[in-house]
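Two forms, one chain: they're shown below as structure tokens, one block per form, named structure 1 and structure 2.
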Structure 1
């Protein structure tokens, strides 16, 4: 092993009740020079109050433009173990289901070629392997691909679609989130591995509006499971919840975002025409309430983290779409959305930013979706509105 580093500043991050990344790096540092030198480099960054990572560089594997993020140290002579410290993304299984055998396989290969450090999972969804050299990239890819694993998306490309566990283990799921995620992953393989977009494009699938995968806040295209029927009420179960101490007015009725519920102390009532299908009442009173009728998806577009401009939340584009395997209608809709964005966006401009610049109207016209009140993100501020001749055609 290399030099033993004193890390008084990093040691502070191990204090307190929460797990610390410093502890994990120290574990890997006992058998990895890369992890050991990473401790030294990061401690120096904290001490000097400046970063010593150089992000970028053209690295990858033959035939793939994505899946590897180049990263180098600005101090290769002082910390030779992290002169190269590339990140490798592995496309995760839908719903993040792994066997212990699969996880051991991933970790054993990574210990052989990299630092041993992982991030399970990154915001894109991939299982992230942190720290390897340029020379090791091809052998890493060869070993993972020979066992059925693939690289994920990176760069200005379709990022790896991700989803919640959906109907596999969740009684609230309105759709087969894992099936949709897997189908979109297979169909967008070329777009994931060979970046050709203005910037990144993320798809996330949630089985219901609880959105356990944070699609509405973290993806360019959010696919949310929903339903068209009424919420069925078991009044006996409602009475049981109240009898066991639930304050139904405070915890359910007053928390309803559209105020479509009422409770008179005996029965719960729902004005289903005003329901936004947020799932709050169903998740709090699972034994008393359940969805009915036709199931499908809501498609939202445009969320992102604050990079070029501030963060954005998705807004509704398609309020309801009924879908069935092999999800051709969904694939065609997403393809139309991407085509408009690809034709109009500047470099490093996400689709949400482009819609803010161009407006929702040309976007909806391009993808062939009629306007509806559900698509209104906020009240119009401009008092002037200009009609086109097409608006008056029947």
Structure 2
């Protein structure tokens, strides 16, 4: 397909060493009229400093309320190729591994029905296909689902769960993050595809407190792997780090947040009872330090971006939970959490905001979790607090 638009502003973004999204749109424009008009539309945005997309309309596939984001250009006459330019969210395999065969097949189908443009991956984790028409949605869904792929979540629904690489290729992972993510995704299929929640609900699973999937910042339910045993020390490996120039006192011991480590120039020791399991020493001396003993998860609740009433980071709700496949206990706990939220929230109120309104007590009572110092940085400061009838019975 020939060049349709002059794009002097976007051409500036093909200069320089970093890979260019403009080059990607131009590549797709060689075979897609939609991508070609996308190029023209985005050039116009660069000229006028504003976007030209309308709000998503209600489009989708039969029986699903989500997984497709309707997108229409505000300038359909000028750029007819992007009059419809819907997004299809394909639920990624946990951990983002693919065979080339599978990914090639995904792309072949997309070339047939869409613009050829993708996001690998979108912010929530789905493999995002950018730009197709309403009449292509049913055949697209049939093509992908008949090959074992399904749509991700959108709208006021369970969103596509996501995870770090976990035990697949990381020695720090305390849990099978990919296994847990896949299991929760499968169990919440109905809630993902048929939006019936007050607002979105996200689950992310991280193997350790390094949190490479940003669970603590970006998911209503943040599942983070942890352990209960000691940190095993390989003193020969410690010696090796020192020999290679690591200043163990400055870089490890003095950076320990609980001051539970010491080093006498020969041996490293850890007062394990005082360790808060932050991961600093383990990540800096991965050949010398290993977690041991019982493994499990911490469940934190509430994080979200600023809309509506400000950003939140997730806070500890279940300090430690031992879990094993097929993760029935975890599924039941998440279900109880969602049930309380669903029963109490206003429209567009995330669970973190609801807990701020209602307080932790009703939430903890509803899900059957006792209060614990692990849930707070410090106790209440003011002497205003509630008593309930139950407290007097004790």
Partner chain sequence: MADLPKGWLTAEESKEKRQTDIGPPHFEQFLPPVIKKNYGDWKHHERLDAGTMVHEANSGDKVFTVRVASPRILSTITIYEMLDIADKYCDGYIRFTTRNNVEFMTPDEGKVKPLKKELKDKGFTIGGIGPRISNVVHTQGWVHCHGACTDASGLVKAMMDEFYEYFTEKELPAKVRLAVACCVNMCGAVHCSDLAVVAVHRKVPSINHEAVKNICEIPTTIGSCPTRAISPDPAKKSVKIKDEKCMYCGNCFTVCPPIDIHRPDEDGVAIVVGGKIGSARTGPKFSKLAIPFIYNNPPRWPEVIEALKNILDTYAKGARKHERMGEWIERIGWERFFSLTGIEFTYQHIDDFTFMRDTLRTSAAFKM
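Positions refer to the first chain, counted from 1. Under this definition, the rigid core comprises the largest set of C-alpha atoms superposing within 1.5 Å between the forms. This one's a predicted model, so the numbers in the text were calculated from it and none came from an experiment.
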Exercise. Since only one of the two is the form predicted together with its partner chain, can you say which one?
Worked result: 2
Exercise. Would you say residue 267 moves its Cα by 2 Å or more between structure 1 and structure 2, aligning on the core?
Worked result: yes
For this session: Superpose on the rigid core, then tell me if the C-alpha of residue 370 is displaced by 2 angstroms or more between structure 1 and structure 2.
Result: no
Exercise. Relative to the superposed core, what is the Cα shift for residue 379 between structure 1 and structure 2, in Å?
Worked result: 5.9
